[in-house]
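One chain follows as structure tokens, the form predicted alone.
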Amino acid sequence: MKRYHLTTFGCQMNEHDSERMKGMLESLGYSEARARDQADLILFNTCSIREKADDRFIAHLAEAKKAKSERADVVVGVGGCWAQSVKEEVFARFPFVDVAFGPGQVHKLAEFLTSDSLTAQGFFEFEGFTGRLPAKRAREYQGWVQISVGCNCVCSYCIVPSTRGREVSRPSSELVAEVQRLAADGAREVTLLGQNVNSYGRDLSGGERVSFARLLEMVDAVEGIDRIRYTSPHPKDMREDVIRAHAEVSAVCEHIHLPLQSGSSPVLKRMRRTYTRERYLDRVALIREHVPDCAITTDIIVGFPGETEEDFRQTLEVAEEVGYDGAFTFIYSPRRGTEAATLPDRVPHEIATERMARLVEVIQRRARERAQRFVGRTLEVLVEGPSRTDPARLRGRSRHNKVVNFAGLAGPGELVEVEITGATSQTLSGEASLLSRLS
């Protein structure tokens, strides 16, 4: 039996795609190797959102080159967004790579492995959903569901449209059937994935054309599904019906990831985000109105070309006002082929780094303050396994997407009630209630 080793970089969509690669490979008779030096097939599922992702991947790729020099029959494959973004040069730069494929061509990996070809091959067309491939899930009680691929937005800094193509939605009936299979297989939490989930269904027709809010209701109706999450929405498309679903649809969790990117309207305009600071804050106000306890997390880019101290001050103001429960913060990284990479007035790295430190202080302070609202409450926690910091305790996640470390007895996939006794900016701690198991 041949063995494979797969390394994944990047977002939840890549994690989903990697589960599908594993499922496809195991349907071909491969088994998973624990280490690269034990594998007949060395695979990478790559990300190209930021320069650091490129650098990390290329360092790992050097290990694959070494393995191939020692065992000539090893097959090296590179998939994902980085492969798509450098499709014209991947084999010239890395001649030891045998097969390369973009996110829309994962199924072609099976075609390559079952062919008699001895030459390197690349597959880079935008076609097919990886969500239609078999999967090997990392956790039986959780499942990723790809509701769409691609993106129709034209954010000036983003490489995704060129690596994943135009937005295409999967039919709602197909998605409900997939969730039903997941539930029958033990999943009780599903995460709906798309580059812009809010615009789901607009390209469909007939009975399959349903709104994202309606899709949430359809998934909620599947027996056995206790929690529904999704990522990522776009503020320009965040409508009241979706926000109301967090209050009215029982399985939809009280957490919304709402990317800000910048608190300055002029910077947002250069980013081509198509909303203003005022529109964003209006969406936040609507969330607080309908779901007062909702956790809000975000993405923020620091040091975008032309960002002034006043622009950055406005970002700090929004962070203070919203009081995020958490945030992914990044220093701007130019991406090949994007409009932003050609913009003048680059922010010096030392200034961007200093601004990042100030932003992180605000984010963490406000997140710590926000987290105190949970102390003294009892929260439903989905158990994931042992705590990463103390194996004698358990680790799980609340409906607000807060990590909870607690004392108690339960297995992965169980729902328990936990009395919260402490809170930091990132995690909660507590004790499982007596007779706390909900399942």
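Throughout, we count residues from 1 along the sequence that is shown. Everything numeric here is computed off the predicted structure, so don't read it as measured data.
Note that the form predicted in complex with a small molecule isn't included here; everything after this is about it.
**Student:** Residue-level contact is defined here as any heavy atom of the residue lying within 4.5 Å of the small molecule in the predicted complex; does T191 satisfy this criterion?
**Tutor:** T191: no, not in contact with the small molecule in the predicted complex.
**Student:** Answer for R335 alone: is it within 4.5 Å of the small molecule in the predicted complex, judged on heavy atom distances?
**Tutor:** Output for R335 is yes: heavy atoms within 4.5 Å of the small molecule.
**Student:** Please check if Y157 has a heavy atom lying within 4.5 Å of any heavy atom of the small molecule in the predicted complex.
**Tutor:** Output for Y157 is yes: heavy atoms within 4.5 Å of the small molecule.
**Student:** Does S232 make contact with the small molecule in the predicted complex, using a 4.5 Å heavy atom cut-off?
**Tutor:** Result yes; S232 sits at the interface with the small molecule in the predicted complex.
**Student:** Which listed residue (A110, A177, I331, L343) meets the criterion of a heavy atom within 4.5 Å of the small molecule in the predicted complex?
**Tutor:** Result of the distance check: I331.
**Student:** Please tell me which of P305, G77, G326, P259 lies within 4.5 Å of the small molecule in the predicted complex, judged by heavy atoms.
**Tutor:** Selected option: P259.
**Student:** The chain here is shown without the small molecule. Which stretch in 294-302, 90-98, 357-365, 198-206 comes within 4.5 angstroms of it in the predicted complex, by heavy atom distance?
**Tutor:** Careful reading of the contacts points to 294-302.
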